[in-house]
Structures are given as C-alpha cells and as structure tokens.
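Heads up, the chain below is alone and in the form predicted on its own; it's given as structure tokens.
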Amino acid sequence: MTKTRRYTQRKRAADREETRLRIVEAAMALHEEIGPSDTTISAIAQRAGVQRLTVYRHFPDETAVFEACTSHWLELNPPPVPTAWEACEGDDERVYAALLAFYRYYRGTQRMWQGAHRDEPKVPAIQGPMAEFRAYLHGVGEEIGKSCAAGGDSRLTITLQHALAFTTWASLESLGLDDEAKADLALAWVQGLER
C-alpha cells in the first residue's frame, strides 16, 4: 500500500467521523431547541449541512440517531456522581449535597430535559434512555436512603427519589425558588420523615 493511498484512507475516515459528529450535534441542537418530537431527519440534515441520504448512511433509522445523540449529550453533560456527596459527614449534609448537585445539573441542562420529558410519550426512541436515567435516579435515592440513619424507612427512599427527579426540580423552579432553596425544602421533607 502506498503512502498516498494510506493518507487518502485516513482522510476519508476522518471526514466520515467529522460528518457523523456534525449530524449528531445537529440532532442534539434541534432536540434542545424544538424537542425530539419535532426533529426530523430533513431538519437534522439541513442543520448539519448534508443531504438526508448522508444522514441515513451514518444512521439507519431515527432510533440510531437518537441513541448517538443521547450518548454524545451525556458525554458532554454527565449527571452528578456519588463522589459529589459520599464524602459528606452526616445524613443532612449528604442529602443536601446530592440534591444540590442534581439541581445545579438540571439548571444547566433544563432545555434538553424539558423537551425529553414533554416528548417521551410520543417518541419511542427516547423512552429507553429516559428509563435508564430514571433507574439511575432510583438507585441514587436508594443508596442515599440506605446511608441515612432512618435507612429502613421506605418513605425516605421514595421521598429522595421524588426530590431528585427533574420534574420536581422544574415544579420548584416554576415557584421561583433558586437551587439552594429547592435543596433546603427537599431536605426538610427528608428531615420530616426522620422525626
């Protein structure tokens, strides 16, 4: 194989990867701006500066586009991880740190979450990723609940899971609370169960 041919193959591979990324980022931007249910392959192609056929060459169907978009978006916007609160001393501090970490995360990513929650019933391609995120939140609530003094109380775990949800954040946001006030209020719910 000649040097020119190897260079050409590497260049083509790099161009394919760049085109794929442009398509994924176009889908991501449209999902955030207009929502998943209003995002069409034609709109993705137009935003990415390619033909529809090019989108289908990279992704065989809408589900594949959504999966790539979700994966890329989560790489750029990873949800909070337990290290953000595990080192906290005491139950209240741990609960507050977890709540605040998620509430700040939702603040920075709210447009995408609003569209995803609104469109989930209409767009089967996002139902799987949404279920995975809910399972993650469920696990976080369960782990924090177990680590608290009242860890045997299932109401504590349910309250934590509810407090960690984006929809809870959005509801409290609509009431004009800042993230610290939201976390204080949700912590008071948990403390009420510990009495």
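This structure is a prediction, so every number in the text was calculated from the model and none was measured. Sequential numbering from 1, following the sequence displayed.
Another form, the form predicted together with another copy of the chain, is not on view; read the next lines as being about it.
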Original post:
Is R111 one of the residues lying within 4.5 Å of another copy of the chain in the predicted bound form, judged by heavy atom distances?
Top reply: no
**OP:** Considering only heavy atoms, tell me if R118 and another copy of the chain come within 4.5 Å of each other in the predicted bound form.
**Re:** yes
Original post:
With the partner left out of view, is Q161 within 4.5 angstroms of another copy of the chain in the predicted bound form by any non-hydrogen atom?
Top reply: yes
Original post:
Contact between L172 and another copy of the chain in the predicted bound form at 4.5 Å, heavy atoms?
Top reply: yes
Original post:
Would D38, H138 and L193 all count as contacting another copy of the chain in the predicted bound form, using a 4.5 Å heavy atom cut-off?
Top reply: yes
Subject >> Among 23 to 31, 124 to 132, 44 to 52, 161 to 169, the region lying within 4.5 Å of another copy of the chain in the predicted bound form by heavy atom distance >> reply: 161 to 169
